[in-house]
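First comes one chain, alone, set out as structure tokens in the form predicted on its own.
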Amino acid sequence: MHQAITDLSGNTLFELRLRQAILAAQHDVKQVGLLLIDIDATDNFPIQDSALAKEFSEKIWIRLRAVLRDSDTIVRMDDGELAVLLPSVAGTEDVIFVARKVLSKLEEPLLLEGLKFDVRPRIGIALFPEHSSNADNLVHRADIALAAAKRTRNKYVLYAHEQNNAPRAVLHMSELRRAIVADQLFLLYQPKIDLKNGLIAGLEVLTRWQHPELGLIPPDEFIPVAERTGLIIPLTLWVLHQSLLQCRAWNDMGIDIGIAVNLSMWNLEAQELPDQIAGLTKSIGMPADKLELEITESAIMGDPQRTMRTLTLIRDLGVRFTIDDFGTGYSSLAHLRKLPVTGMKIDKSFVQNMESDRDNAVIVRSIIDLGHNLGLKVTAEGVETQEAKDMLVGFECDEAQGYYYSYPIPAHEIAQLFRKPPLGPTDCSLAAASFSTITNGRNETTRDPQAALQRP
């Protein structure tokens, strides 16, 4: 077992060792401890540098070996987490003592090629036989505890049976981690239409998950899981990378268009985000002003001062910002006017029924006026009818987005839209175009977006 972590064989070897330890413990009436460790390097660690990544893994392994016994087993699991098997512990206090020793050692800054990197470890803990007498269940329950540690931002969490109250999030966590690296995720794009000339003004990037067994998993199921477990950070980086590559491909075809990607509160808390975005735009060869980042009011107000610093650093690269779902959060106008944003999007809950709800119509018009007075471009989401579009034109809204124009569609269909003649200023509808939406894993096409609204 005295090899670098990157050379160890993963789940199969570890499960074998765990079963052996449980069998031995059953005879000796002792306990087995299991630590499941997730480690993030911060301070702009170059994740694509394979040499640095290997050195990072080796130094982590050396640190673990320094605080563990020779009889303890360390394995890199298939989903990237580290598992530590403690074949003989005296009980809860003993395994927590070991976890604290591990944390203390791992949290020391790492020196790689003359550069210092911070490390953020989280540990989930489970015990045999207290939490399970079955090897597979014990790993699963350590995984539940690790998810709780990430969700609560504690350094370690000991499994408790009440943590099973959120099984869906935990069941998807390891699967989602694998999906990010196994090409199970894919991107769709929804046009935003300039209400003055009917042309496509930009594209919002939307992520979908085609699970090999569960089929198409909607984003309202897996995005909250990603946010609760911290996987939203690598997921967002994947989306940024893939969508910028696609934007570059369109650019090479002569299609000059920008993309908008959603950021969460977790992304804004990552100090390395500005450098990561700078690296992506530079390596892909896309101007930063082709990227727009959408952020919600709640994400902004979590830590306004820290958010302002992060947004300013990214804005200085040339990236644009839009406040998403405006009207549903608790924003402060004092902070709003200071933020380096160029636009706001009216939440669809106000737009979708404003034809019949006078109060919503008043709110929509007021937000448009507020945005314009602040010098911001205003986009209305959830536009589904001709009447709603006409009202927005009357309110002098800048852009509209919704099923009236297009469902989220794959990249090749976006290219087809741009090959069609420009749309006239009096007809913003894309009714002449062919649209496709992914429903239950299959393509459905219609030439009538109004008929498409009847789809579930």
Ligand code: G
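Note that the coordinates shown come from a computational prediction; the quantities given were computed from them, not determined experimentally. All residue numbers refer to positions in the sequence shown, first residue = 1.
One more form of this protein exists, namely the form predicted in complex with the ligand; it is left out here, but the text below deals with it.
The partner is not drawn, yet in the predicted complex one stretch among 132-140, 312-320, 109-117, 261-269 has residues with heavy atoms inside 4.5 Å of the ligand: 261-269. Proximity to the ligand in the predicted complex holds for all of 207, 220 and 403, with the criterion being a heavy atom within 4.5 Å.
Interface residue among 178, 101, 348, 151 relative to the ligand in the predicted complex, by the heavy atom within 4.5 Å criterion: 348.
The single contact residue among 297, 384, 72, 292, judged by any heavy atom lying within 4.5 Å of the ligand in the predicted complex, is 384. Interface membership of residue 190, defined by any non-hydrogen atom within 4.5 Å of the ligand in the predicted complex, is confirmed. Interface membership of residue 336, defined by any non-hydrogen atom within 4.5 Å of the ligand in the predicted complex, is ruled out.
When the ligand is considered in the predicted complex, residue 83 lies well away from it, no heavy atom lying within 4.5 Å. At least one heavy atom of residue 352 is located within 4.5 Å of the ligand in the predicted complex. Residues 232, 235, 239 are the ones in 227-244 with at least one heavy atom within 4.5 Å of the ligand in the predicted complex, listed in sequence order. Legend note: Cα of residue 151 to Cα of residue 207 is at least 3 Å closer in the predicted complex than in the depicted form.
Relative to this conformation, a decrease of 3 Å or more in the Cα-Cα distance between residue 153 and residue 206 is found in the predicted complex.
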